[in-house]
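One chain comes next, on its own, written out as C-alpha cells in the form predicted alone.
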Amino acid sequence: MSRAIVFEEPGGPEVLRLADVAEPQAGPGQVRVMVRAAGVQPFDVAVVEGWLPAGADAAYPRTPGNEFAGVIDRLGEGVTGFAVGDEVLGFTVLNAYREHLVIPSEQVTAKPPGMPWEVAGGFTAPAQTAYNSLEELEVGEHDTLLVHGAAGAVGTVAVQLGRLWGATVIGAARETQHDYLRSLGALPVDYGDGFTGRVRELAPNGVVTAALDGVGGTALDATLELVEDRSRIITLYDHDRAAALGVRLSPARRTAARLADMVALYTRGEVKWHIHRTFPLERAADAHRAYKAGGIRGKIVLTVD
C-alpha cells in the first residue's frame, strides 16, 4: 500500500484526509516516482473546491497536486533516458499529493544535486507559468512590466525573468513584501487608494506596457487603466472575465525541456527561490489553510518522508 491525500466531495481544506491506497504501477512510457515534495498552489485549492481541469478523471476520491519532485523507483516498458534512482521534478494535472506517482516520462526532468527537495517540489508550476506568460506577452527591453501578487510564487519568477529579459518591473504587493521585491530587482508598489497614480510615478514616462495579473478583481480593473494594449495583459485569476475584457490567459504549454531551462537558471543563480513554509504530507489541510490565509512569500510545499 501507499499513502495519498484524498477528498471525496468538494469543499474547503477540511475535506482533505490521508488514506492508504494501492501502489500504482508504471505502464509503457511511464516512470514511477517516490515523491519527496509537492507544491501547493491556487490550482490545487480550486480542484479541492470542486473545479475539474480539462481531461481529468471525474471520479472520487480525487488527489490534488500539480507539481512534484522525487526519486524514480520503477521504469515502464520503453522508457529511455532515465534510470531507477534518478532524482527528478515534474508536472501533472492531479495526484501529486502522494507517496508514489506514476507519470509519463516526458513530464519529468533531472533535479540537480544542489536543488533542495522543497525547492524542486514547488518549482515546476510557477516557473513555467511565469515563463510562458512573459513569452506570450513578448516582454523585453523597453517594456515596463507590472506584476500583481509579485511576492507570490509566480510573481517571484516573473519579476526576475522580466529583469533578465531587460524590462523595468513594477511589483505590486503588500508593503511588508517590498524589501523582498527590491531584492529581486522590482520597483515595489502598495495597493489601496491612489494605486494607479503610484504605478505611473514609478514607470518610465508614466507608461506601463505589459502586465501579469495574479490577483484579479480591482487589481485587474486598475491594470486596464494602466496598459493601453489589452492584448499585453494576462490574468492568472479572473478567467471568467478575460474574454469580455479583451485580456489573455496564460498558455498551457508546459514541457520538460522548458522546465529544464528554468532549472538551469536556478542552478546558475539567475532565478532565486523562497520557501514560505513546508508541511508534512499528512498536514495537507493545514497547508491549504495557510495558503488561503494569504500573505505568502514564495511557495508553500508538502514534504513526504
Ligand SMILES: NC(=O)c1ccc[n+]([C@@H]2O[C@H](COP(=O)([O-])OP(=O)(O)OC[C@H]3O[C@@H](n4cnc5c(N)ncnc54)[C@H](OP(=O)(O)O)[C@@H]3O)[C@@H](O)[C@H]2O)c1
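All residue numbers refer to positions in the sequence shown, first residue = 1. These numbers were taken from a predicted model, which means no experiment stands behind them.
Omitted here: the form predicted together with the named molecule. The next part is about that form.
J.: Tell me, please, which stretch of 266-274, 52-60, 36-44, 22-30 lies within 4.5 angstroms of the named molecule in the model of the complex when heavy atoms are compared?
T.: Contact criterion met by 36-44 only.
J.: Honest question, do 163, 197 and 199 all end up within 4.5 Å of the named molecule in the model of the complex by heavy atom distance?
T.: Verified in the model of the complex; spot residues all out of contact, no.
J.: Any chance residue 153 has a heavy atom within 4.5 Å of the named molecule in the model of the complex?
T.: Yes - in the model of the complex, heavy atoms of residue 153 and the named molecule come within 4.5 Å of each other.
J.: Is residue 188 one of the residues lying within 4.5 Å of the named molecule in the model of the complex, judged by heavy atom distances?
T.: So residue 188 does not count as contacting the named molecule.
J.: Is there a heavy atom of residue 259 no more than 4.5 Å from a heavy atom of the named molecule in the model of the complex?
T.: Result no; residue 259 lies far from the named molecule in the model of the complex.
J.: I'd like to know whether residue 237 contacts the named molecule in the model of the complex, with contact meaning heavy atoms within 4.5 angstroms.
T.: Taking the distances in the model of the complex, the answer for residue 237 is yes, it comes within 4.5 Å of the named molecule.
J.: Taking the named molecule in the model of the complex, which residues of 266-305 have any heavy atom within 4.5 Å of it?
T.: Read in sequence order, the residues that approach the named molecule (within 4.5 Å, in the model of the complex) are 291, 294, 295, 296, 298.
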